[in-house]
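For reference, the chain that follows is the form predicted on its own, supplied as structure tokens.
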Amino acid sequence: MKPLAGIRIADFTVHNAGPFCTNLLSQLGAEVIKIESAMRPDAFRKPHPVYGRTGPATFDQVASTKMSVRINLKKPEGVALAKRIVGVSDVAAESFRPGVIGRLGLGYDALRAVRPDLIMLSVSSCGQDGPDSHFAGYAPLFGAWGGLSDLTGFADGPPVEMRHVMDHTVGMNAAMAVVAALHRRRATGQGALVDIAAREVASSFIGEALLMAAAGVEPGRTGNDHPRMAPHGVYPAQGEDHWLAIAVASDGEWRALCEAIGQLGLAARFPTEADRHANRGEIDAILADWSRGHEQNAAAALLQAAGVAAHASWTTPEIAADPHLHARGAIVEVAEPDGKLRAAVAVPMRLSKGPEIGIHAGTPKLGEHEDHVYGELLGMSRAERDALEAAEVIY
């Protein structure tokens, strides 16, 4: 049995952070019912040329393994129908701006009146309360607002925009919080409102910088530098835009690196960690001269054989084609609504017992699972459903 088998989620989330959370939970075995409508489908069902694709940008990633039903939440009958789904669910998840779900009549108080032990997840940029709670936000703003972007980039350059990595990190934190709330409910019988503020997720990754700031030290962008390790960075490899990542943590690794690249004199010149860090600019230039003449994967294999942490900086197509990730089920193929297959990233964990977790179904078509949800789960007759479709409640 999968860890979350028997758990059902009414999924009102949109865009990426919230849907990625419920996607992870579905891969762990939860039955996730995505609620949208033809009038207002999830924005990620639409083409997003900004991501370099003429089809949906990431919908087939974050919606795989879910079921889909149509509900027009602008109609009172649609709200009532959504409540019926929540009534047979363990979790309700939403990612609107604070206040929106309440104005629809589907806030936490309204839903726990239907299901007293309900776990409700709300994902927003700044949380459900506080002076900034009314602000809208998308992934680049989460990292910027939370301080993570300001610390990312080279010392002489601007902050680096954090995009999907922020959405997915928020989603993973939200999934962990939902699992914790479900565990607590099993022990106490009590439901909960789980409030995830995306900017706080970003800030949770800069604790050291916040401590420095509190002590009067202004942290700054350091690029690929490490406060102690050197060499530590990404070096040009043979070919256009090919790179090799290298990180040296000990004197022994440093000597092994110098021997592998035919530069034993460097080990004698910079024998200690402090020496290497103080002269990292000169060392980086020497390493770059060596790496430019080598194919990235071959160079990585050479250094790995010598006991040095090194690897090619892979592109997305290289990752998608990696035999290791495919063998572990970390990369799988999912079907888009038109039947086309594409690579998708499965939940990043493995369990030693029970059935294999991960993506087990492709992207749902809009309203694809209404026979199961409305017919089997809610026991609605065909005539009742037809009447709601005619009234554009199921639409």
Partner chain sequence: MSAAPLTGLRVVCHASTVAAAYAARLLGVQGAEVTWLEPPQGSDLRREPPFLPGGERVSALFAYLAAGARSRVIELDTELGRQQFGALLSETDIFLDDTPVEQRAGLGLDEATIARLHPQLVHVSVRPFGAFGPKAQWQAEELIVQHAAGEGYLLPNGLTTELFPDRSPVKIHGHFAEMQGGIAAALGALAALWVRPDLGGQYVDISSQDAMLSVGAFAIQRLGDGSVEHRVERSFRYGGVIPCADGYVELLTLEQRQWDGLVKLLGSPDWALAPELADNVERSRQGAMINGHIRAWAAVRKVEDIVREGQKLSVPLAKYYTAGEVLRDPHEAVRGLFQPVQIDGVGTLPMLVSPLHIDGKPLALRGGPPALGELNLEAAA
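Quick caveat: nothing in here was measured; it's all calculated off a predicted structure. Residue numbers count along the first chain shown, from 1. Basically, rigid core = biggest C-alpha set you can superpose within 1.5 Å across the two forms.
There is also a form predicted together with its partner chain; it is not shown, and the following applies to it.
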Partner-facing stretch of 279-287, 68-76, 151-159, 262-270, counted where any non-hydrogen atom is within 4.5 angstroms of its partner chain in the model of the complex
151-159
Contact flag, residue 204 vs its partner chain in the model of the complex, heavy atom cut 4.5 Å:
yes
State yes or no: in the model of the complex, is some non-hydrogen atom of residue 254 no more than 4.5 angstroms from a non-hydrogen atom of its partner chain?
no
Indicate whether residue 350 is a 4.5 Å heavy atom neighbour of its partner chain in the model of the complex.
yes
Within 4.5 Å, heavy atoms only: does residue 109 come near its partner chain in the model of the complex?
no
Using a 4.5 Å cut on heavy atoms, which of 310, 237, 82, 101 is close to its partner chain in the model of the complex?
310
Contact residue in the model of the complex, chosen from 274, 211, 113, 88 - any heavy atom within 4.5 Å of its partner chain
211
Though the partner is not shown here, which residues of 114-144 have a heavy atom within 4.5 Å of its partner chain in the model of the complex?
126, 127, 128, 129, 130, 131, 132, 133, 135, 136, 138, 140, 141, 144
Could you check whether the CA atom of residue 334 moves 2 Å or more between the shown form and the other one, using the rigid core for the fit?
yes
